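Quick heads-up: it's one chain on its own, the form predicted on its own, in structure tokens.
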């Protein structure tokens, strides 16, 4: 049977869903190119022998809790609780690393943070008039998830220092309501956002929560990069500042442990009132949805990550100190090499500029040409360097002359070489 694309879900014809596929394909076609494209962690911190070591640590933990061999067999080999089996360890880790007190029952372990996004958006999207507010630019994973669910997004410009501008959020929420629709939630990455690399100042975080409360908007916080600051002193997460239970917090072990485990989580402690006054947590409602999608998150992945948490006394910030230093030095190298190849006079002449993130994986470069897929492929083919076009990150259009540079997967030598090649392409 031949199927017509027009007869399938409309999202499959959306160029947004092609963006990452194209990027993966072009990376494969030019394996020798220095690639500033992927946002994956540096592989030098992964050791294959750690996997059985962490698994053994978790098995020892189960034995200490009094589980016999049959109970351990069931825990690892059978379908498990939909909400997960290591919520207590994740809660301990959040308390240690973020000063965040959450009850284990308010947690749902997910197949990466991406599943958490889908579950939260599916739960919150009650009808066609519900609207998700997002930053512009915004991570394509959440706008893509919204597209799959037929959930309308409304872009909100970033503030001067990064993150969605609180006053613009308020204006957008009121504009949506004036159209007869409901501003349901705001998606935000407060620290070193993908793709912009920017972070929200503490005052802006507090103001954002106040605005969201005034407008009756739930905040969906995604926090994969919070550990990786170039400057000391972590900023509080929005959830740590939350006094009204208005923040659903999404986390992931992809950057802090390893992405192959595909393990994330959602902190959803909002109270839900049902028929007859029945009360539950939003986490329980998310679990209902999960039971009809992935059923449960793989126990082996949870066991390995649980063992890693136990090995490091549920303190991942300390365990990631070497990685944090590596990424910070990589960002310093990137910014230094851009300064070296594009001194002030050359920047003005060419129309080149960039931001200066104080951590994370990403920086954004503004260039005088259309930074599209064709330009990226020519740059890879003729100059041996890859980057990511920014246009797909703008839900309502924009970013055509901007490109994203990621330092996370590269050595310092590769960064130096890659920026030299990119400078040659830009000035050619």
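Residue numbers count along the first chain shown, from 1. Since the structure is predicted, the reported quantities are computational estimates derived from the model, not experimental observations.
Absent from the display: the form predicted together with a small molecule. The rest refers to it.
The small molecule in the predicted complex is approached by residue 189, whose closest heavy atom lies within 4.5 angstroms of it. Residue 114 belongs to the set of residues with a heavy atom inside 4.5 Å of the small molecule in the predicted complex. In the predicted complex, none of the heavy atoms of residue 347 sits within 4.5 Å of a heavy atom of the small molecule. Taking the partner from the other structure, the small molecule in the predicted complex has a heavy atom within 4.5 Å of a heavy atom of residue 262. Remark: of stretches 250-258, 96-104, 314-322, 123-131, the one touching the small molecule in the predicted complex is 250-258 (heavy atom within 4.5 Å).
Screening 139, 327, 342, 227 for any heavy atom within 4.5 Å of the small molecule in the predicted complex leaves a single hit, 139. Here is the short version: of 237, 194, 302, 170, the single residue with a heavy atom within 4.5 Å of the small molecule in the predicted complex is 194.
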